[in-house]
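Quick heads-up: it's one chain on its own, the form predicted on its own, in structure tokens.
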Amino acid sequence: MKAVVIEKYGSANLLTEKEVPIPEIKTNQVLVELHGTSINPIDWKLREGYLKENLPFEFPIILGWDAAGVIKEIGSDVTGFQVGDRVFARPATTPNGTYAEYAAVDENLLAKIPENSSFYDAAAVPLAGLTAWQCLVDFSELKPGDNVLIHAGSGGVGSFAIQIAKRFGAYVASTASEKNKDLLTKLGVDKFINYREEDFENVLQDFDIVLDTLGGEVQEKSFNVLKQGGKLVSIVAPPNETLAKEKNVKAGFHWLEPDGKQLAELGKLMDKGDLNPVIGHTFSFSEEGLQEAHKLSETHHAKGKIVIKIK
């Protein structure tokens, strides 16, 4: 099968097309013929070597951890899916990722793609959608009436987080550039903050939850908009524990846990029209396409999700 791999750590230009064997599945896995995948920051962070201590993979490495496609084979222990099912998943983090024509995926990480959703819509959801869900629902215990600040609402995680928070009945504020105001308004944001012209800590107060997608100074300032007992969850870096204690805030760093049942919950929201992936960019399944997609993701200015059309 065709795959796009890296043979060593370094720049996006090291992404290379290669013929590799189709994965052999274990008894608890299915073989998915992939129609789409998407780009996430973990892809290029691993490619650059930033994660090599946490994820010490041997080369060649196939990056990519979003999958959408059709089941072509099932393991002997698989009971909830069958050949021909349209499925999506955030597969386990292995060196055999989804920049490929086929992927082996554990049954417990799979969910069925909603009938009215395309493979490309589905490919945009798993990693970013599950991250937003787990940050808001699991860590922050989101409930109706909460005031929620979501940083960089036009990005992949941010755009899903806005929609999830609104479906739960929250009041949502979000930061972005002026060019993305219409998008965020369409997603349901109650208070739009143009970060280039306004300082969010001067216009917001007594918030229940902050989802930090940026880190650094933005994360530090976020403590100032939270009420006593509020929650700050970051997907970038662990928050300052001393500040958290001073402010009486529950603060933590969240690393995604792949979960097929939670993905199925997101699928239900998609089916009802309550969760719509924002696909800002699509690229071809080629070394040139993946290289350009990585370079765009690294700018931190991609709109919504970056999808790769495999089939």
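The numbering used is simple: start at 1 and walk along the sequence shown. Bear in mind that the values here come from a model prediction, so they are computed numbers and not experimental data.
Only in words, not in the display: the form predicted in complex with a small molecule, which the text now covers.
J.: Note which of 41, 252, 60, 258 lies within 4.5 Å of the small molecule in the model of the complex, where distance is taken over heavy atoms; exactly one does.
T.: Of 41, 252, 60, 258, the residue with a heavy atom within 4.5 Å of the small molecule in the model of the complex is 41.
J.: Counting any non-hydrogen atom inside 4.5 Å, which residue from 74, 225, 92, 214 sits next to the small molecule in the model of the complex?
T.: Checked against the cut-off, the match is 214.
J.: Is residue 171 part of the interface with the small molecule in the model of the complex - any heavy atom within 4.5 Å?
T.: Flag for residue 171 set to no.
J.: Decide whether residue 97 counts as a contact residue for the small molecule in the model of the complex under a heavy atom distance cut-off of 4.5 Å.
T.: Close contact is absent here: in the model of the complex, residue 97 is far from the small molecule, nothing within 4.5 Å, heavy atoms only.
J.: Answer yes if any heavy atom of residue 155 is within 4.5 Å of a heavy atom of the small molecule in the model of the complex; otherwise answer no.
T.: Close contact exists here: in the model of the complex, residue 155 approaches the small molecule to within 4.5 Å, heavy atoms only.
J.: Residue-level question: is residue 295 within 4.5 Å of the small molecule in the model of the complex, judged on heavy atoms?
T.: Heavy-atom contact with the small molecule at 4.5 Å: absent for residue 295.
J.: Want to guess which of 136 to 144, 78 to 86, 191 to 199, 102 to 110 is within 4.5 Å of the small molecule in the model of the complex, heavy atoms only?
T.: Stretch 191 to 199 is the one.
J.: Check, residue by residue, if 163, 272 and 277 all come within 4.5 Å of the small molecule in the model of the complex, counting heavy atoms only.
T.: Checking in the model of the complex: none of 163, 272 and 277 is within 4.5 Å of the small molecule.
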